[in-house]
Structures are given as structure tokens and as C-alpha cells.
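The chain that follows stands alone, in the form predicted on its own, written as C-alpha cells.
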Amino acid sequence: MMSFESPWQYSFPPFFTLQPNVDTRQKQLTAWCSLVLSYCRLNKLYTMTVTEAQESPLFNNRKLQRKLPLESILVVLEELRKKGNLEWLDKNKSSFLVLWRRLEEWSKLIYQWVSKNGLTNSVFTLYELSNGDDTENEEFHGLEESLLLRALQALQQEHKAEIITLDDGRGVKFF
């Protein structure tokens, strides 16, 4: 994990207790949501389990010896879901997908890269696109395949790409 520049609230012990005042709690949840998205973006985290999140430096400030309780973590995650930045991956709500960029943003980034590099009418495997040498400096490098596929499906609906089946898996042709 890369070092993370946490917001000032992270060093403030009451931040790790959900506040009873409605206005204060809303500001606190907004700060938590921002922290989760920034942390996941910096560390290129897409999926996590609630248990992993609970033990991670994200919700566990070892320096302060404070940890956000599980019930509060679930409140933060639900807030992220309401904002469109999180999807539960199972019915038990034990694992989740963090969308620190929305799908339309991912698809736009990918298509900008294709256009900028004159790669329209080119075919890529999904692996090449997310893990290839050509995309190493791009933000979508390392993007989880399920998320990449959904971003490409959005481009397909806009008639900017077509997802195809290749001998060794799936690929995409850009238009």
C-alpha cells in the first residue's frame, strides 16, 4: 500500500464514533466517503470484504488506537452505495465493489486514450487493455476485469466499441 495523506479528521478521535447530531453526522459521513474513495483510488482497490476494510488502515487508526465500529463502517458503505460509488457483490453484504470513478468516467478515459493514440479500428484483449505495457501510465491500468467489461459495454452502447470473443478470451475493437 502506498502512503496515504489522510484528512485532519482522521487524527481526531471523535471521527471514529458516528455523531448523534444529524448535521454533524452528515458532514462526518461525507468526510468518511471522501476518505474511502481517495484511499481506494490511491491504492487502486476495487473490491474488498467488510472484514478487510475493518482491519485496513482506512478504518483502523493504529496511531490513535481507534477503530470505526463495524456498524458504523456499514453505515459509511451504505452512504457510498446511495451516492453510486459502491455496489454490494453478495446478498450478505460481506464484499463490495468501490467505484471511485463512475462507469461512464472509466469508459470516457479509455476512449480518450484510444483516440489520443490513434488506436481506433484496433483490437485489444481485455488483458492488454488493463495490464499491457501501452497502458502502464494510464489511470485505468490494472482496472479489475469486471469493471473494465462494464465500461466497455457502455462504449459499445455508444457505438464506439464492440466486445468480441477471441481464442484466448474476450477482446474489444474500438471505432
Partner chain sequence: MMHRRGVGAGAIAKKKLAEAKYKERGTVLAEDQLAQMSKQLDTFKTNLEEFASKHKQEIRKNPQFRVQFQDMCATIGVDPLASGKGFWSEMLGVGDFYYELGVQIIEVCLALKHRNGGLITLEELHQQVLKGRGKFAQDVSQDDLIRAIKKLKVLGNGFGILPVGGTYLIQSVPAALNMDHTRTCLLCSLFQKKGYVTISEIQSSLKWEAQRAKQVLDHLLKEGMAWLDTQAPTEPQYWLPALFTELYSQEITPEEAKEALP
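Positions refer to the first chain, counted from 1. Treat the numbers as computed from the prediction; the structure is a model and nothing was measured.
Omitted here: the form predicted together with the partner chain. The next part is about that form.
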Tell me, which of Arg66, Lys108, Arg150, His141 has a heavy atom within 4.5 angstroms of the partner chain in the predicted bound form? Arg66
Does Gln156 make contact with the partner chain in the predicted bound form, using a 4.5 Å heavy atom cut-off? no
Using a 4.5 angstroms cut-off on non-hydrogen atoms, would Lys27 count as touching the partner chain in the predicted bound form? yes
Taking the partner chain as it sits in the predicted bound form, is Thr165 in contact with it (heavy atom to heavy atom, 4.5 Å or less)? no
For the heavy atom contacts within 4.5 Å of the partner chain in the predicted bound form, list the residues of 8 to 23 involved, in sequence order. Trp8, Ser11, Phe12, Pro13, Pro14, Phe15, Phe16, Thr17, Gln19, Pro20, Asn21
